[in-house]
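Take a look at this single chain in structure tokens; it is the form predicted alone.
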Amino acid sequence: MPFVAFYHTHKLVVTLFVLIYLVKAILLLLGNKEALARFNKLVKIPEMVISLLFFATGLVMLSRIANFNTLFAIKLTLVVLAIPLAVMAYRKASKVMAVLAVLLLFSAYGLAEMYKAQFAKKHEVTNVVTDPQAANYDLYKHGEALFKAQCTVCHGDDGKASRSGAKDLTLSTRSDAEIVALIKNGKNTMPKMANIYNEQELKALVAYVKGFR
């Protein structure tokens, strides 16, 4: 199964997982034991399937992640702590533990969004002429500097790394306009970069990316 399929499946099962435990937490806080028991019975099988998919897709994505940094490590730790805490909370009918488990899950989600946002933050380039009016300006070198600063984390220096679902750029057949649109709008794990690059930088990136073919 391609990474993108795992990515979308993971997003879906994580959302369902959090919703199930959020409903449980609310029912527990309200002290409605009968409703909680009915809900537990209703979601018993789906919860088992969702939990299995949660771990399976998560492990696959973890094995192909582009950048395992401190922020991602903290997020992963929060998830690992939240799940057993949530299980114990409902077994012991502990409202405090239930609330804490849900807070940990939401915190992990927030950190995941922060982690993704890092890839949409512009990395400045140095040691290259970026002014197209300069006599020694080189469009290809400008694009190379931008690519190495921003894109190699997923695509690799040779364009073939394919981390976090990044496409093999040596096999790309996209037109210039399609490449620009993809950079601007993003796709799957690739964030939107419309507000990061100006038109000249986009031209430079297109020139360099097409060189991988």
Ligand code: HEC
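From a predicted model like this one, the values you see are computed outputs, not experimental measurements. From 1 onward, residues are counted along the sequence shown.
The same protein has a further form, the form predicted in complex with the ligand, not shown here; the description that follows concerns it.
Comparing 144-152, 24-32, 55-63, 39-47 against the ligand in the predicted bound form, the single stretch with non-hydrogen atoms within 4.5 angstroms of it is 144-152. Although the partner is absent here, residue 193 lies within 4.5 Å of the ligand in the predicted bound form, judged by heavy atoms. Contact check for residue 69: every heavy atom lies farther than 4.5 Å from the ligand in the predicted bound form. For the chain shown alone, residue 189 is a contact residue for the ligand in the predicted bound form, at least one non-hydrogen atom being within 4.5 angstroms. None of the heavy atoms of residue 90 is located within 4.5 Å of the ligand in the predicted bound form. Using a 4.5 Å cut-off to the ligand in the predicted bound form, each of 166, 205 and 209 places a heavy atom inside that distance. Residues 164, 165, 166, 167, 169, 172, 173, 174, 179, 182, 183 of 162-184 are found to place at least one heavy atom within 4.5 Å of the ligand in the predicted bound form.
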